[in-house]
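Presented as structure tokens, the chain that follows is alone, the form predicted alone.
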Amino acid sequence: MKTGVPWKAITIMAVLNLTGFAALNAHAEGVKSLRGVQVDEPVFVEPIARPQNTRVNREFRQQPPLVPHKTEAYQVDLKVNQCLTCHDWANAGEKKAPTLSMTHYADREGRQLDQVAGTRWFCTQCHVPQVEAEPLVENEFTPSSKR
């Protein structure tokens, strides 16, 4: 009595896997990046020319600062965080950009790190670009500065 997977079944499974991979690859050809370039292409961001007093005040205690410039072309993924080219503590002085809070350099146990903690890597989880726009829904929020 034979045990294991018959060779015929293995061959059929391999052909199906290759066919499926080819179909997925063909489908991926039509996918476009939100940044407007392929994932492996670098995006060079224009220097920011910011007029004076463009920052919006925070509206509540512990509100993350708003970003006073566009960010849609910035690459932020598992390996690259383009925000850090200006805002990392090593670069902020030269770029005249606000540096990150020291809380961004601490891990979950509170240990200080030499680089941004993984829990703080994806900036847009908390920080969003500021815009002058009408509210999408009615809002009765009163900022703490006006109470």
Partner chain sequence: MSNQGAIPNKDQGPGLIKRIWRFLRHPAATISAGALLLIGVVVGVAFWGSFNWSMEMTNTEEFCIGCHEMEANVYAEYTETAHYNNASGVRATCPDCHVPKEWVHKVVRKVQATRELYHKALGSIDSPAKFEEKRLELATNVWTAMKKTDSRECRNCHEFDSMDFVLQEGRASAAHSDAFKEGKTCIDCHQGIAHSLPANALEAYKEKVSAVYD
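Numbering follows the first chain given and starts at 1. Quick caveat: nothing in here was measured; it's all calculated off a predicted structure.
The form predicted in complex with the partner chain exists for this protein as well; it is not shown, and the discussion that follows is about that form.
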Problem set entry | Heavy atom of each of 108, 119 and 124 within 4.5 Å of the partner chain in the model of the complex | no
For this session: Quick one: from 63, 85, 33, 101, grab the residue that has a heavy atom within 4.5 Å of the partner chain in the model of the complex.
Result: 85
For this session: Using a 4.5 Å heavy atom cut-off, state whether residue 94 contacts the partner chain in the model of the complex.
Result: yes
Exercise. Wondering, does residue 70 line up within 4.5 Å of the partner chain in the model of the complex on heavy atoms?
Worked result: yes
For this session: Although the partner chain is absent from this view, report whether residue 56 comes within 4.5 Å of it in the model of the complex, heavy atoms only.
Result: no
For this session: Could you confirm whether residue 37 comes within 4.5 Å of the partner chain in the model of the complex, counting heavy atoms only?
Result: no
Problem set entry | the partner chain in the model of the complex - contacting residues of 72 to 91, heavy atom within 4.5 Å | 74, 75, 79, 80, 81, 82, 85, 91
